[in-house]
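A single chain, nothing else alongside it, follows as structure tokens in the form predicted on its own.
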Amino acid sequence: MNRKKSDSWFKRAGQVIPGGIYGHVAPAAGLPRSFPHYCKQAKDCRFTDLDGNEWLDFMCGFGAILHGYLNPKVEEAVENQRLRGSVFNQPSTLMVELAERMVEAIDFADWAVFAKNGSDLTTWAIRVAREKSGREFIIKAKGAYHGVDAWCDPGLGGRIPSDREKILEFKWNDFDHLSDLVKKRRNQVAGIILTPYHHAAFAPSEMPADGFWQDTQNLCKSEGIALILDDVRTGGRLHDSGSHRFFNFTPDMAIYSKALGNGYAISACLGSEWFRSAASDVFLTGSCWNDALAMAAANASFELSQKNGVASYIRNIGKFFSSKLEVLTANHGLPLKMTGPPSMPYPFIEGDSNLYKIQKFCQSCAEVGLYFHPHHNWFLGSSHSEKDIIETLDRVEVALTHFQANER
């Protein structure tokens, strides 16, 4: 594929931006010589890079796009609001409408607040838990990602020991380990924050063991601990009214972002009445957090999910895709397994301990215009049709021929 313009712009970026491109979209985090550095435009489940190459996309803006790029219903709502303005001195009534819509749809919720990123509200939620209980410790699963703040970020730069002195970790699905941590710090744990299932980087996704969520919920209730659900990545792709419904448990607070605005930056934390007073006392603000355009997008996006049963659709189309892909790769001698929920599967090849094969497989797929990430779970959206999936599988067939030729 032609990369001339992409590489030229990346070289320019390196002069004025540390690393050129940073964070989870940095070239080194994916396939630096296969993935484009910059995107020019996108529609539905495809995007075009700076050099004019078209890609069938299975990352959906790393989960931010649920209803397809440039969804007409979402964009219409945004354009209607754009005529009135976006950021004002005071919020628009769209905030009230969005809060009402989400509180009505999400069964445990009595209130909602909004910000811009998932990190804004995962950090805020643990402060609410501390404010409510007067306790200091927070428990999370080892290897879980909850944002870029120092108490939970996956990096090391700029962090000091005190950032995590009050953060305890347990192995995902090991309820005995979790229970022991609580017992050792009885009356000291303010909250337990967890994702609906374990989607650690560079490893297969792990679904919750039978009884894990119910046991954890019971533990939190008996010990007066806030159960905080980080639904930032998964919200809208497991259940239209929150991933807790998919796994049949009830959190005290839950954070949503990623797909909430279908590409417009917004996040939400919803909580039960028990935490309303504490939520009022923990300061939360940002100059652009009341952005009416993002509120309009989220209202339209959330309504689409509720009306069209989007989570069910993408679970089904994801199951079709994952099952066909596993059979296809197996027929070529590649033991690929799609782990985690089929609406956002993580690819894993048996015996590929150094991740060499998954990188080479995704690199071969990139050569035929498929954006498959080797080290992150993929995402399906409502714009992925059966026709798109069949076209994808046909391209994979070609890619596997390249892959096997390079393996010889």
Partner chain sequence: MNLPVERLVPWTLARSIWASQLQLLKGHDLANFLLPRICSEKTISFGQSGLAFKDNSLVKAAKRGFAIPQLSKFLRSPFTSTAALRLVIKVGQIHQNGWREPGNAKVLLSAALEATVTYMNFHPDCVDLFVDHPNSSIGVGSEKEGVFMTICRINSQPWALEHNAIMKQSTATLIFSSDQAACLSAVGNLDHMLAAGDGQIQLTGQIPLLEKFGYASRVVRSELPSQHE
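Since the structure is predicted, the reported quantities are computational estimates derived from the model, not experimental observations. Numbering follows the first chain given and starts at 1.
Only in words, not in the display: the form predicted together with its partner chain, which the text now covers.
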- Query: Is the gap between residue 33 and its partner chain in the predicted complex 4.5 Å or less for some heavy atom pair?
  - Reply: yes
- Query: Does at least one non-hydrogen atom of residue 37 fall within 4.5 angstroms of its partner chain in the predicted complex?
  - Reply: yes
- Looking at the partner-bound form in the predicted complex, is residue 353 within 4.5 Å of its partner chain by any heavy atom? yes
- Message: in the predicted complex, is there a heavy atom of its partner chain that lies within 4.5 Å of any heavy atom of residue 70, even though the partner is absent here?
- Response: no
- Exactly one stretch in 188 to 196, 315 to 323, 150 to 158, 296 to 304 has heavy atoms within 4.5 Å of its partner chain in the predicted complex; which is it? 150 to 158
- Taking its partner chain in the predicted complex, which residues of 200 to 215 have any heavy atom within 4.5 Å of it? 202
